[in-house]
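This document contains two forms of one protein chain, each encoded as structure tokens and listed individually as structure 1 and structure 2.
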Structure 1
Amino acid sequence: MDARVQDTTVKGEIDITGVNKVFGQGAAAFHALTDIDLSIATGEFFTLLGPSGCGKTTLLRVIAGFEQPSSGSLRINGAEVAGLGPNRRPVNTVFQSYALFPHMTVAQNIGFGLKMLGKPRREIEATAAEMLRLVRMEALAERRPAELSGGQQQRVALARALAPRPRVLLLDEPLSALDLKLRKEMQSELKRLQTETGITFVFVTHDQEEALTMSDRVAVMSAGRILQMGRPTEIYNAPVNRFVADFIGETNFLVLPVAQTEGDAAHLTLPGGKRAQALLPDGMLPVTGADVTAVIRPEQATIVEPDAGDMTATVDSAVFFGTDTHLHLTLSDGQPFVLRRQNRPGQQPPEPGTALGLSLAPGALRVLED
């Protein structure tokens, strides 16, 4: 597959065409972004997802105006903004560090941007009160940042960014400093705020759970390129290549021979000799007898009697996660396999060395391009 992903979404709030960003010159040049084509609809919660150094924050900074593209077009609400500074774009940014003014109250922090814009005092006070209601912090208006928890400071930073009513809100890993429970609470809060305000959110994260739970669409990035874009269910259930499949949640990679092909599917020979149908990527036609890499998620297999499944396996270990248990298995041909099983009262995991059968969900097996 061509690493340059074309986005066919109807043009909307943000339209990026052929954007490249290069730092340095000559042999020392570093290509942070390569051929980025992207359209984000008005009112969409869009997430840029990828590991550190993949270019997601650079792309966010290009949208914000903190960095200028080396080439390409960037339009917000139909107007070309490449070359314009942050103060000339209808966007606001929330960073990892909340950067609240310690000597100001919560209400004053929220109203600071409006004050810099020269808004009248009554409008500033009314907007600050509205934002406090939106983030559910009316009772804390007179407190200072040092008197707030991390989650409360995050809400103030969000309220301050929303107060000028930008067309686009950019969020650069804003939840990374919070503990797990607060992070999950703020995921729900962010989605609620985005829905209530109708503002376009562009969210940057390396956390696939954040991306899957909050986003309308996700763009998975690697080495300055967008590898795949789509709804969270599409990204999770139909990854286009090994990188996306491996980065989005846990998965099993199986090297299996092709028994035959049929349309957009292939029949693969599983460990033990049985066959299973696997979906093929568009345009792929593997040769019968050739080995391909197939992917299946840990929750898409169930335990059955050893002689009743699609494959047989031996238990190596079990890892308890509270809501579920991950069973680490070895298939009959020696390939590793992880199975995720939901926990139930009184249920115990099988002991190491136990033989069991695995039944694969229909349509769960997919062949990858690479």
Structure 2
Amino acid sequence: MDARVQDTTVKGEIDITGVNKVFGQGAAAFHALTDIDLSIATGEFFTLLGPSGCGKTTLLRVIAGFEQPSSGSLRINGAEVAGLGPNRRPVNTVFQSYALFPHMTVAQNIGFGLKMLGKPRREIEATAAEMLRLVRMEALAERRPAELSGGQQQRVALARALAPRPRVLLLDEPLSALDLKLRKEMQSELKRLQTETGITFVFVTHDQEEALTMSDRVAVMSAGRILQMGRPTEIYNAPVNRFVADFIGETNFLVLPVAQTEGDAAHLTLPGGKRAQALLPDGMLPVTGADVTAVIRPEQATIVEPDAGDMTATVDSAVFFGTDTHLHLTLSDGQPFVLRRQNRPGQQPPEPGTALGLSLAPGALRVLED
């Protein structure tokens, strides 16, 4: 609301520079956020992803104004908002618990923000009706929250937060209380609402699949820091470190010796003696002969005849997942390897003990910084 300081070097809808958040003092001090730099563009669906306790919710609360940063700058639409309370920021929040006002009807809940902004009653009613249409809840306007199902409460919480037309909508794990089917439904519903309203969404989740499917960009957080930020494909295909590789999707970690390096790639010696090219992270120059950790996704290897592939392995077990089967393998040097194979009609999983050849997709192998 308050545009006190207009900056001409606006980069995005939200610009966070050097934000730190420390709880407590002295020896008991806890660094919840460390040196957060972040810029979110207008109309972007941006996700903060990480395990519980990584600081993602604290960062959301700092943006909302429930917590003030210990240091650093926070701009919304170019205006510095650090120090302002939540009622003076053009952002609205969808709470994990929904936090619907139990003594008000659905329509009163949705109109609350506009009422506090001092809008005329006619406008409040019109907007509430429009929001109810947007979330397809027209029939339930006069119900109380206690009379609604979890999914319906979720829609009301969304409508209430969207009604004042905030510049940014903050969503704090809004789908975590819903069952799987409803969650899938609400994921596409959220995506539709974001596209229709054009409002910037900042979404907090610990569910990597949710993050990958819904987001324009994802920031992976751990221990109060942003480890990697980028489009879902970048995060998935090119994780910068072990944590990100491990947290996003499933990954095989292989410890392999370096045979030779060549620009931004290295040739690694695979179990069995064959070589494979692996991408190196920026600025990393491993010594020939030294062991490095390389990652490869389970779907990036295919089964070929024994001896025909890059490596050989024996089958320990096969787990059927419907669309695909996970094969748990042991490589010839004893390292474990998980392979994901898409199921085809009539295809039987290999028996435990079967020897297989593995062929690695070109460019699939990546060396991690350790």
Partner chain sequence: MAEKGYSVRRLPGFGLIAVLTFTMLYLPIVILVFFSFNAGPSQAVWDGFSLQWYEAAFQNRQVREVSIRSLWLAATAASFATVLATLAALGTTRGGRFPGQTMIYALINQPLMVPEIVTGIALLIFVAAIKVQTGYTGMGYLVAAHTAFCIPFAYLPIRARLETLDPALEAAAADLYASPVQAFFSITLPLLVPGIVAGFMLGFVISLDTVVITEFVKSAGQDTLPTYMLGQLRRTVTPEMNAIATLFLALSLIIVTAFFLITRTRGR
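Note that the structure is a prediction, hence the values are computed from the model and not measured. Numbering for residues begins at 1 and runs along the sequence of structure 1. In this text, the rigid core denotes the largest set of C-alpha atoms whose superposition between the two forms falls within 1.5 Å.
Peer 1: Looking for the form predicted on its own among these two structures; is it 1 or 2?
Peer 2: Answer to the question: structure 1 is the form predicted on its own, whereas structure 2 comes from elsewhere.
Peer 1: On a rigid core superposition, would Ser176 pass a 2 Å threshold for CA movement between structure 1 and structure 2?
Peer 2: After core superposition, the displacement of the Ser176 C-alpha between structure 1 and structure 2 stays below 2 Å, so no.
Peer 1: Rigid core fitted, then: does Ser73 show a CA shift of 2 angstroms or greater between structure 1 and structure 2?
Peer 2: No, because once the rigid core is superposed, the C-alpha of Ser73 moves less than 2 Å between structure 1 and structure 2.
Peer 1: Could you check, with the core superposed, whether the Cα atom of Val106 shifts 2 Å or more between structure 1 and structure 2?
Peer 2: The answer is yes; the displacement is at least 2 Å.
Peer 1: Rigid core superposed, I'd like the Cα shift of Met116 between structure 1 and structure 2 in Å.
Peer 2: The alpha-carbon displacement, core-superposed, is 2.7 Å.
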